[in-house]
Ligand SMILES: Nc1ncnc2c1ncn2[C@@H]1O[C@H](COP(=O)(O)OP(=O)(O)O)[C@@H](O)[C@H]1O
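Read the single chain below, which is given as structure tokens and is the form predicted on its own.
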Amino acid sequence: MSEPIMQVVDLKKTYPVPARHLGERARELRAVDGVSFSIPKGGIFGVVGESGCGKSSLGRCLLRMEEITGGSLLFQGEDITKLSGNALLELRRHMQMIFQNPYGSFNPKQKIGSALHEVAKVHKIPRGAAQEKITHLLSEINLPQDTLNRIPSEMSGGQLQRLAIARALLLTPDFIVADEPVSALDVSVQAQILNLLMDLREKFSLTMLFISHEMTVVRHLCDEVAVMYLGTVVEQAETEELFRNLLHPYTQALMSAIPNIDPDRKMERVILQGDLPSAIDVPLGCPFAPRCIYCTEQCRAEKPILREVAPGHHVACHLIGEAGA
């Protein structure tokens, strides 16, 4: 295993919540609550969970787009937790993001060529070198050169997301955060973008944090997967191990929601009761306890820690013993 590009240690991100009335105690929303993992060079680490579980906040913290409340980030062995100013700008050359909505990530009045050259200008890349790189990247994402003279409204969602990927690669970054990059696209286009990412991974040795709410997508693309719930990781393992041995009740529920096209393969649908609890008023014990059909008094009173129950397989659940028993 190669040295990690990104190391996340007990990362926390909270947001202050305004008081609803005079004299109310200060409150905070715990978006990310003690998350730790590492991503090796060339690896794709998947983060999956329902909307509101903290996936996007985690990704933005890794790129230092958000101030970190606690814990630390090490990028290529350097602590970047408190970088600011010019040091943070220099870091941007090595870390890029692919956003969820391709239409919202481009200026609707700006030509595509101008938008790509603007990235190069900010980071002081000579125009000639930038044009050469842009021409090469358009070829890699299978779009014609006259794309540069178009505006976003003349492009489809799939084409714009290809361009967003090219923009992220323009600076030859060492690390990319892809925040649900296919969820806003049609299913057929999703497959094309995922296959493109897999091809580019091989060509450019991409290291990536891939955020999604779909289990099938992370299974297709990622080497390792962390399942997030209410700001915490409840299960984490290498992809094949995770899908071969689903241990946490929440992971099982997510997997059961996937439509089954094999009539010979029966999987009981797990229906979660209630809504995702508030990240402001997190339950005292296990955050999943209010929705878990296996909940015990221990679950309601004591928060489980994320522990290794099998080689490389970590679960935060009181009911799971060693070796997944």
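Residue indices: 1-based, along the sequence shown. Note that the structure is a prediction, hence the values are computed from the model and not measured.
The form predicted together with the ligand exists for this protein as well; it is not shown, and the discussion that follows is about that form.
This chain is drawn without the ligand; in the predicted bound form, the residue among 38, 69, 56, 256 with a heavy atom within 4.5 Å of it is 56. A heavy atom within 4.5 Å of the ligand in the predicted bound form is found for exactly one of 283, 34, 42, 52: 52.
If you check the ligand in the predicted bound form, you find a heavy atom from every one of 15, 29 and 60 within 4.5 Å. Along 159-183, a non-hydrogen atom within 4.5 Å of the ligand in the predicted bound form is carried by no residue at all.
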